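A single chain comes next, written as C-alpha cells; it is the form predicted on its own.
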Amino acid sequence: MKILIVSGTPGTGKTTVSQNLLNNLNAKVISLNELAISEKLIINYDMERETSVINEKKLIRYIMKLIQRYNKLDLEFLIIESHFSDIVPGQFIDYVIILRCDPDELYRRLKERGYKREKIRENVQSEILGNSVNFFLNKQLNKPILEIDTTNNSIDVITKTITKILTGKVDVNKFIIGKIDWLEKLSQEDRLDLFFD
C-alpha cells in the first residue's frame, strides 16, 4: 500500500478530489479534519483565526494506527488529505500532491464558503507564499513533491491527472514544485498590495 498525501490551502479542492479518486483507485481516504473532530482531538478554538487547534501528538499516533490497520487490507493507496497533512511522519509518505489555486479564484471560492474577510485574506496570503509547499520542503522528503493548479480544471480532470501520476502514465516532471509562482505573477502585475499591507 502506497500513501498519497493531498495537501493545499483551504479551497483548493483537496477533499473533493480525494473522494473522487476512490472512483479510479483501490484506496481509502483519511480526512485529517474529520478525524480530529470524530476522535475529539481538538483541544481549543482560536477565535481570532477562526480555526480549531488540534492535539497534534495524539492525531499522529492515531494516524499511525490507521496506517497499520489499512496496511492489512488489500489496498493500492491510502490517501491522507488536509491542509495540515504535513504532520504525517515522512517515513509513511510515498507521494505528495499539493493542490494550488490562483489567488483571485481562491478568494472567490472562500468567500462563497462564507469565510470572513480576515480568514480569506490569511488563506490567500498562505497560497501566494506557497506555505503548503514549504511545509513539505522543510520535511526534506526523498519522495516526489508535486503541485497541480486547480484554478481552471474540473474535479474530473484533476482526478484523472493524479491517477495518471500514480499509475506512471504521465511525466511527473510537468508537476514538480516550483512551476507555480503566484508571488511572481502578482509582482509582475503590480497587484501584491491587493493581498498584503
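The numbering used is simple: start at 1 and walk along the sequence shown. These numbers were taken from a predicted model, which means no experiment stands behind them.
Unshown form predicted in complex with a small molecule; subsequent notes refer to it.
Comparing 152-160, 126-134, 34-42, 57-65 against the small molecule in the predicted complex, the single stretch with non-hydrogen atoms within 4.5 angstroms of it is 152-160. Residue contact with the small molecule in the predicted complex: residue 187 places no heavy atom within 4.5 Å of it. Proximity of residue 113 to the small molecule in the predicted complex: non-hydrogen atoms within 4.5 Å are present. Residue 23 falls outside the set of residues with a heavy atom inside 4.5 Å of the small molecule in the predicted complex.
The closest heavy atom approach of residue 121 to the small molecule in the predicted complex falls outside 4.5 Å.
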